[in-house]
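What follows is one chain in structure tokens, specifically the form predicted on its own.
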């Protein structure tokens, strides 16, 4: 079977015809018509022989004086047709391939003076009757320079047109390099000739998702195993999850494992500025897929083409919607295809059209979340293999505990950054300290060693971060501290604190209230110690405002507003409110009351623990970075410690 895509032309062999040859041949032909005469049998003679023999014979019908005012002047002599037929001296010219000689000059000689030649000819023919006079014509032959000047505008015009057409075809024509291929699919085909090197062994931390995808691959390899029981494989599989969790990597592994053709394309490759192009590309993609069936089609970032269709003119997009309509028809239309499995990935499933998600199109949705402790260990094992020299204390378990809440792409970046840090320090191996620095860089950005901070500002930052740490240490449901630092990082981060929340999916009201108190710890510490507040709590205030409004309007955690939820994922981008102005006023009042109560509680806690607050702030000013073990020594062990896992980060 030939796995070359239909819209992909085979490479041309050397020496094949090229369009530039046609362009060159046209120029050569144009030049040839200007310089080559029709008769190649012109016989050279002299001016003296012309007057002595040809003129007295009465055989000359016409002469042409070429370039009479130039140094290369010459005379071309034409013979009468009757003389050509009857006289023997002209018999040699009868074999001319183009016919009789009088159709072109038979003789030619150089001319020294056009004026004396004309006078001598007039004198000889002074007594000749008018009808028998030799006709005299003048002609100026263009030089190659004149010819080029006259032809050059046409050459430039043709060249510009040819260049623009090639640019247009390269930018819009897609595969094939011609503008007429604009409706062809841009999908990349992976088959027996172009295999993907990624396999399921390279995918770690996604055990459940791998099992789901392996089932699809196994069906393609052993279909009888399932059809014997009457089972049907899902027509479509949708990979859903946050960015960096491994959706595209899992698709690559599927391409590497499946022994069938694999088409890969991005959702944005369907839509162009021209109407109808997207739908045409969808038709062409499925046409190729039918020829290669059984096969897999993978559409990455399908939300670019699969967004919910607008219900009014302001929301509609005819070109994108026509593309989506064609995709829906191809996936499960009147003549449904067999042997074509759709695989797609997105991190915005809430914006996809409901018709795209129904059974028969995407039958199965696979959720790919951020990995837990065990998953991070597996991912670190994969990426640590690529680092040739590791320190003896570097273990996947230890690194997984340093990176709670990290996705697979972030873990890969941490491993690479750690190797770069070790190389920058000219170490012979990558150690845990290098991974710590890589994690800090990934969370807070690049360390700003040259940023000048006044001692007073540094003190404010230290107490701000100490306030977060104290609240996280003494509140039962708050996240315990993993690390706190006052080293400036990133664009505007003057310090940050990293916490270790528990692995959980449901949160109670008291847990969220403790989290708000912990987030307000920095602002409260500034007011207690300095009697003034600063702009350092901007990020904290944004987080608690979001969380407080969610508690009141989404989670139903307020008695006055009641057990209602105004959350609608389909209305994220609109400004409509599904409640009255009176309800909006109540919501604002309850949110403000909730935050004020939490702030007073935080101030009371930090006032009670003022001594511990001072200890942590002074230690931060001295060391600039503190770990959980440091806090154990400074203020004693935390009473509510449990096994930690994901991450919450406060950057100020």
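Numbering follows the first chain given and starts at 1. These numbers were taken from a predicted model, which means no experiment stands behind them.
One more form of this protein exists, namely the form predicted together with adenosine-5'-diphosphate (ADP); it is left out here, but the text below deals with it.
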> Does any heavy atom of residue 383 come within 4.5 Å of a heavy atom of adenosine-5'-diphosphate (ADP) in the predicted complex?
Replying inline: yes
>> If we define contact as a non-hydrogen atom of the residue within 4.5 angstroms of the partner, is residue 247 a contact of adenosine-5'-diphosphate (ADP) in the predicted complex?
In response: yes
>> So in the predicted complex, is adenosine-5'-diphosphate (ADP) close enough to residue 409 to count as touching (4.5 Å, heavy atoms)?
In response: yes
>> When the contact criterion is heavy atoms within 4.5 Å, does residue 299 count as touching adenosine-5'-diphosphate (ADP) in the predicted complex?
In response: no
>> Within 4.5 Å, heavy atoms only, one stretch in 516-524, 247-255, 416-424, 107-115 touches adenosine-5'-diphosphate (ADP) in the predicted complex. Which?
In response: 247-255
>> Just to be sure I understand the contacts: of 462, 552, 475, 204, which is the one whose heavy atoms reach within 4.5 angstroms of adenosine-5'-diphosphate (ADP) in the predicted complex?
In response: 204
> Exactly one of 562, 360, 153, 243 has a non-hydrogen atom within 4.5 Å of adenosine-5'-diphosphate (ADP) in the predicted complex; which residue is it?
Replying inline: 243
